[in-house]
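The chain below stands alone and is given in structure tokens; this is the form predicted alone.
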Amino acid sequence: MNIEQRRKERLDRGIKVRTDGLYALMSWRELSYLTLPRLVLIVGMLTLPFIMPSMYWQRVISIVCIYALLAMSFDFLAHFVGLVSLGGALFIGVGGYLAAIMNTYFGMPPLLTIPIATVVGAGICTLFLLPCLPLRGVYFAIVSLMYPLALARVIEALDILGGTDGIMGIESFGNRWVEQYFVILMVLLFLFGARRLVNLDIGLVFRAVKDNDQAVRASGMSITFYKAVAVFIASAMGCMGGASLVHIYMWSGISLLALDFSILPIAATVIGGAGTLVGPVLGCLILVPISELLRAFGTLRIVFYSLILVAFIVFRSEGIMVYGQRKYHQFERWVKI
């Protein structure tokens, strides 16, 4: 009597070796194995507006997406280019003020103000940070943090751009569904666009600039140029978030330059997993709702917030996404011998 013998085999056996990109040459099982996490993310993000219990929490999801854009820009610069930027508030502020000015003073609709503020704002932020590009590590981080703080004080002291009262009367999105799905689609667009970008030739140059910029310079390539391109891409994500935020709140003010927009994306990246791009999005989906739930505790919520961060750093320093990816690739199945 023949007894069928079986053994356990990892699901990713041979798939990662052949490469993730040759989808057309794979069987449907291998293709589903690689695309399932992406489909879960896309479907999950698109269904969020329907599963939220109230309009308040739907608005929270919009804010989550704004922070997710900032967290992705931080992760992109820090992990792939080696520039640790604390200037997320600068990106939000420049994009938000530009969108507010174009809408209130020139009567442009959100359909025009958001993309224009994204591109123009990214250019302005890149010019601001251009003199700082030779700096690395903590030096670039400190200088990038000074920009939003200085800009806020300039607006307050000179009483420009609405001063401390801000710019009011900004046009909102057509309805809440347009608002929800616009910011969600922008997060997915920038996420998959950035993931594709870092795997192209220019992405290899970005990594080389981070690992050994002297070798890049010896190859005849301009380090400053590639750093400027990376800063432009990262600041475009933040400016998109700032431009969308002012149309959500229908107001633009100094609070757009608050340190929350510089600090929370870093915390989300630590929790979600640095270097994954999707990890910061997951971190924002955790941190921002928790911050709202703890709002009833007033300033005491900072204590709970800090304890959560410390717990993740001590017990899961690699981040949720890195841990999840490793476990996903360790799944096994029974196969015939």
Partner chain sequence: MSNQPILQVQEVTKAFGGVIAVNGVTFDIFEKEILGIIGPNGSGKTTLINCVTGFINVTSGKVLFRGKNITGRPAHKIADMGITRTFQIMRPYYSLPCYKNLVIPLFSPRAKRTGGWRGGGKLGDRDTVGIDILEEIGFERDSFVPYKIASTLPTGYLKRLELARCLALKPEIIICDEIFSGLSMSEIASMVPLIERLQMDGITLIMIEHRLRELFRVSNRILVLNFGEKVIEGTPEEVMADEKVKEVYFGSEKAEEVMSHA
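Numbering follows the first chain given and starts at 1. The model shown is predicted, which means the values in this text are computed figures rather than measured ones.
Unshown form predicted together with its partner chain; subsequent notes refer to it.
Quick one: is residue 175 in contact with its partner chain in the predicted complex, heavy atoms, 4.5 Å cut-off? It does not: once its partner chain is placed as it appears in the predicted complex, residue 175 has no heavy atom within 4.5 Å of it.
Considering non-hydrogen atoms and a 4.5 Å limit, does its partner chain approach residue 204 in the predicted complex? Yes.
Would you check, heavy atoms only and a 4.5 Å threshold, whether residue 164 touches its partner chain in the predicted complex? No, residue 164 is distant from the partner.
Using a 4.5 Å heavy atom cut-off, state whether residue 226 contacts its partner chain in the predicted complex. Flag for residue 226 set to yes.
When its partner chain is placed as it is in the predicted complex, which of 118-126, 91-99, 205-213, 182-190 ends up with heavy atoms within 4.5 Å of it? Only one stretch qualifies here: 205-213.
Listed residue (150, 138, 221, 157) with a non-hydrogen atom within 4.5 angstroms of its partner chain in the predicted complex: Contact check passes for 221.
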